[in-house]
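Only one chain is shown below, in structure tokens, and it's the form predicted on its own.
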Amino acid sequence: MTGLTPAWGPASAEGWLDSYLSAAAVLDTLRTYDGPAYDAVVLAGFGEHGPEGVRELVDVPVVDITEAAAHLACLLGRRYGVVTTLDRSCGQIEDSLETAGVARNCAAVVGTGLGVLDLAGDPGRPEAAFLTAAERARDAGAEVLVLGCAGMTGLQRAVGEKLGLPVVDGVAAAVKLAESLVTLDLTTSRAGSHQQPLPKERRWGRRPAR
């Protein structure tokens, strides 16, 4: 497995502007990638834009952690709740779930009040904030919880045990789903929505000097 981070874009994605910039940076990174061949792409931005464009761009399965976590959560309970970072991200995540066709099963999207970069600090702080937000999601009817940020990976065991609910880590779910698609020799359909991009001139921004 190879981890890629775009050479340009926001330090973290929190809001519409950051999300669109991140999507363009991810597409540019994949467009110019010249490393070893890969079998699938996992997009590790929860609720972020870009999966549709990536599916047009590459010829391997593309699994977004938002979609992967939500679909897996639907197999574990009737309704799930997403616990994410700042409240400003909740609407964007709700829209992403709607696009993925799994919004009707979502009981609530709840913010912890923590920024993405805050998750890398004191590990006790994210856990406490997640527990408080998770209780709100559970009270709203969630039977399963979803970690609404890749930076929350690692919280699922401790939080799940304290709340008595299954907790889905989107990164782990996406990786396993990607592996399954590769094993089953399945990839994105080219009939209709995700046909390859039309041949035309496309001007990309300059790369920053290193």
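Please read these numbers as outputs of a predicted model, since none were measured by experiment. Start at 1 and count along the sequence shown; that's the residue number.
We do not show the form predicted together with a further copy of the same chain, though everything after this point is about it.
L75, A140, A128, A120 - the one with a heavy atom within 4.5 Å of a further copy of the same chain in the predicted complex: Only one listed residue qualifies here, and that residue is L75.
Residue contact check: E94 to a further copy of the same chain in the predicted complex, 4.5 Å heavy atom: It does: once a further copy of the same chain is placed as it appears in the predicted complex, E94 has a heavy atom within 4.5 Å of it.
Close approach of G50 to a further copy of the same chain in the predicted complex, 4.5 Å, heavy atom: So G50 counts as contacting a further copy of the same chain.
G113: touches a further copy of the same chain in the predicted complex, heavy atom cutoff 4.5 angstroms: G113 lies outside the contact set for a further copy of the same chain.
D185: touches a further copy of the same chain in the predicted complex, heavy atom cutoff 4.5 angstroms: Although a further copy of the same chain is absent here, D185 would touch it in the predicted complex, with heavy atoms inside 4.5 Å.
Contact set, 160-191 vs a further copy of the same chain in the predicted complex - heavy atom within 4.5 angstroms: If the 4.5 Å heavy-atom criterion is applied to a further copy of the same chain in the predicted complex, 160-191 yields L165, P166, V167, V168, A172, A173, K176, L177, S180, L181, T183, L184, D185, L186, T187, T188, S189, A191.
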